[in-house]
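In structure tokens, the next block holds one chain alone, the form predicted alone.
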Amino acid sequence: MSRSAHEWTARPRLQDDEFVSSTVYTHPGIFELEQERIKRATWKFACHESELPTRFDFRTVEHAGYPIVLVRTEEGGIRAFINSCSHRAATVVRAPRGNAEQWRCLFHAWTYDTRGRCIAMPRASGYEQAGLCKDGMGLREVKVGIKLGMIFINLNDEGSPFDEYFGDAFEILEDVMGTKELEVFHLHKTVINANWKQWFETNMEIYHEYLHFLNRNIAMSNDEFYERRWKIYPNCHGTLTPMKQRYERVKGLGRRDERTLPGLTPGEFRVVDLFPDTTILCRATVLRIDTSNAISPNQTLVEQRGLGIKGESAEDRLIRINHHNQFWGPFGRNLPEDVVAVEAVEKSNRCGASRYGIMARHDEMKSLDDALMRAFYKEWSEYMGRPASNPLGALPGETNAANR
């Protein structure tokens, strides 16, 4: 039966955790609070260690609106800094990646080393009256955590320690990513016209696999697809029971029984979701790290990295690249299908055509259960100090859970 305008806009007759208000995706004030209370307060995947292979290699990224530079130090470790000059805030390192022992700000030539120390201030005597000197003008350092080659950063000095925040969330990746050294062979970036949470939701709810031609054929045609179960860890990280996918059911995909990644059985698929915005997917012969950066309430930069085994033969690498691109990247099937779907949601939410999103599927924690979605918005609500079902009903400045 169709619904009237009153029925359409009325609060759903559901529990508070079974729906969200569309304003969590569209409201500018909510977006800014997310940047402050979630994005800048939690651990964020930045890049893979293979992207910084030698000492003094650097890479610049954006996170929660801040420019960040990561560097392989002379001692071989990884450090990260806010990429903003201590003098007048100009971006110091302007290249996306490179190798340098020192970074010189183009504006006034203040210079920094890879430990973040200010090592040069032209005509420094002019600052003596004000009491400024190089020793007190270093870059602002950002916390770094590394797991299985993945580099994470955290802008919140008072936030949860790395190991405490993630706990056992990486346990099904240990044998895949910790047995042989992996490296990034593909990095694809896509700007989508949708909220960052709408994108992450495509990795948290499996009900949408009906969208994907390949997944309908190689996964949903198997009975075990529906029997997999969610495991939700503290701090809202989640995994699904691994399963074997039947690639041979789609012409051109093959069986993928060879070049299987360490720890996986032929055709095996695993997935790990990390709060708030990163997913690691292991698909038989190739691994993908999927993360996003929120640009605005209705625009998101999605980054997808494909990983293979470091030092493998050119023949093996070519096969792995082909397997990656059949699903992911600019020429795969899954990425454009997901983009079309989330942008369709964004269009309705943005114009006010829809007031609520439903996540009310319950199925004993099996794959089509919305359990991880509900857990995500419970975590979101705690950080934000307001319920996702009615986020504008709480006033700014009430419970700030960002530093818990």
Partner chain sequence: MPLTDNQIGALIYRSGLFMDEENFDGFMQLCASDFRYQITAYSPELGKEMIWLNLDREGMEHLLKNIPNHVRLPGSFLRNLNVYLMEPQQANGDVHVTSSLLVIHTDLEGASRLYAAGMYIDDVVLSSGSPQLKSRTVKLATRQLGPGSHVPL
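Residue numbers count along the first chain shown, from 1. Nothing here was measured: the structure is a model prediction, and the numbers come from that model.
Absent from the display: the form predicted together with the partner chain. The rest refers to it.
Trainee: Examine Ser84 and determine whether its closest non-hydrogen atom to the partner chain in the model of the complex is within 4.5 angstroms.
Mentor: No, Ser84 stays farther than 4.5 Å from the partner chain in the model of the complex.
Trainee: Given that the partner chain is not shown alongside this chain, does Lys39 nevertheless sit within 4.5 Å of it in the model of the complex, heavy atom to heavy atom?
Mentor: No, Lys39 sits far enough from the partner chain in the model of the complex that none of its heavy atoms falls within 4.5 Å.
Trainee: Does the 4.5 Å heavy atom contact test between Glu62 and the partner chain in the model of the complex come out positive?
Mentor: Glu62: no contact with the partner chain in the model of the complex.
Trainee: If we define contact as a non-hydrogen atom of the residue within 4.5 angstroms of the partner, is Ala100 a contact of the partner chain in the model of the complex?
Mentor: Result no; Ala100 lies far from the partner chain in the model of the complex.
Trainee: Look at the stretches 267-275, 219-227, 313-321, 167-175 and give the one with heavy atoms within 4.5 Å of the partner chain in the model of the complex.
Mentor: That would be 313-321.
Trainee: So, a 4.5 angstroms cut-off on heavy atom distances: do all three of Met137, Arg140 and Phe162 pass it with respect to the partner chain in the model of the complex?
Mentor: No.
Trainee: Only one of Pro242, Gly263, Pro234, Gly332 has a non-hydrogen atom within 4.5 angstroms of the partner chain in the model of the complex; which is it?
Mentor: Contact with the partner chain in the model of the complex is made by Gly332 alone.
Trainee: Pick from Glu51, Glu346, Asp370, Glu379: which has a non-hydrogen atom within 4.5 Å of the partner chain in the model of the complex?
Mentor: Answer to the contact question: Glu51.
Trainee: Who in 156-192 is close to the partner chain in the model of the complex, meaning a heavy atom within 4.5 Å?
Mentor: Result: Glu183, Val184, Phe185, His186, Leu187, His188, Lys189, Thr190, Val191.
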